Structure formats: C-alpha cells, structure tokens
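Take a look at this one chain, the form predicted on its own, written out in structure tokens.
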Amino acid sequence: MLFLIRRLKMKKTSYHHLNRIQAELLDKAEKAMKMSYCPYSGFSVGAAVLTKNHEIVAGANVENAAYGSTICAERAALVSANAKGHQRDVIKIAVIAKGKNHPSSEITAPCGSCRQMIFESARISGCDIEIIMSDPEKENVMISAISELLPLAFGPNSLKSPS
C-alpha cells in the first residue's frame, strides 16, 4: 500500500515578521508562561488560543507529583476556551517555553497529546488551526497548521460508522 504525505509547508520567521494578531497571541502565551507551575521539570510553557471572534484565552502548564496528572499549557488553554463557550471557535494557538536545560534558541512544539487535542478542536471548529511556535527569546518562530504537525491523524471521522 502506498501512502503519499504532502511536503510540510512550515514557515520559519521571527517575532518581528509576525502580523499583529500572531504577535499578540505569542505575547499572551509568554505572559501565561510566567504562571506555569513546574517544580519538577523546571520547564515553563505558555499557550494562547485565538477564537473566531478574536478573543484570546491563555493557559500554562501545571505539573503534579503524580506525573500523569500534569496538564500541558496547550490543553489548559483549549479547556479554558471550552469553559468560556469557544470549543468550536478556535482558529490559532501560540506556544512558547523555557527551561533550565532548554536552549534559548530552540522552538517548542506541542507534544503528541496536545497535537491530538488541537486536531480535535480543528475538526469541530472547521478550520486547520494555525500553530505559532517560538523559542524563549522570540527570535526563532515557526508557523504551521495542525494538519502538518499531525498527518494521518485519528479524529472524529475515524469513529463514524460507514453508511
């Protein structure tokens, strides 16, 4: 069986080349990162989602001594947006992180669980959510879509029975 995977179209840029909305979203993610609770890993992550009506909802990672109970910033932002009634409205998400062992020039991308949740949000919002990922200094920024970060994804259509 042959699978064709399209070439990724991720765009590398810098903070200064972002449009106003992308920059504001990344700034809100950076602000949220300062609220991170990460006593075990020392890895602070902030995320901010943009809704169709231009509301920004932020989240930060929250660690727990029972490691499996930890929640990532991206999922925290998505859950907060859902609690505000925006589950079907997410169009963009920005992610920024820094840590004691994290190189200052390294871009942080969503983990697998976050990619899955972003993909689900993309399907119910009807758009290919844009993901803005940055290094801690906002010198290196990468812009992608969830379909590029999670090709051949498992989602709502995977659970529908054939008619």
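One rule holds for the numbers: they count along the sequence shown, beginning at 1. Quantities reported herein were computed from a predicted structural model and do not represent experimental measurements.
If you look for the form predicted in complex with ligand THU, you will not find it shown, but the lines that follow are about it.
Have a look at 133 to 141, 26 to 34, 120 to 128, 58 to 66 and name the one stretch with heavy atoms inside 4.5 Å of ligand THU in the predicted complex. Going by heavy atoms within 4.5 Å, the stretch is 58 to 66.
Decide yes or no: are V49, I91 and I93 jointly within 4.5 Å of ligand THU in the predicted complex, with each residue judged by its heavy atoms? No.
Please check if Q116 has a heavy atom lying within 4.5 Å of any heavy atom of ligand THU in the predicted complex. Outside the cut-off, so no.
Is A77 close to ligand THU in the predicted complex, meaning a heavy atom pair under 4.5 Å apart or at it? Contact check for A77: no, nothing within 4.5 Å of ligand THU in the predicted complex.
Do A109 and ligand THU share at least one heavy atom pair within 4.5 Å in the predicted complex? Answer yes; at least one heavy atom of A109 falls within 4.5 Å of ligand THU in the predicted complex.
With a 4.5 Å heavy atom cut-off, would you call A81 a contact of ligand THU in the predicted complex? A81 lies outside the contact set for ligand THU.
Judged by heavy atom distances of 4.5 Å or less, which residues of 43 to 79 approach ligand THU in the predicted complex? F43, V45, N61, E63, T70, C72, A73, E74 sit within 4.5 Å of the partner.
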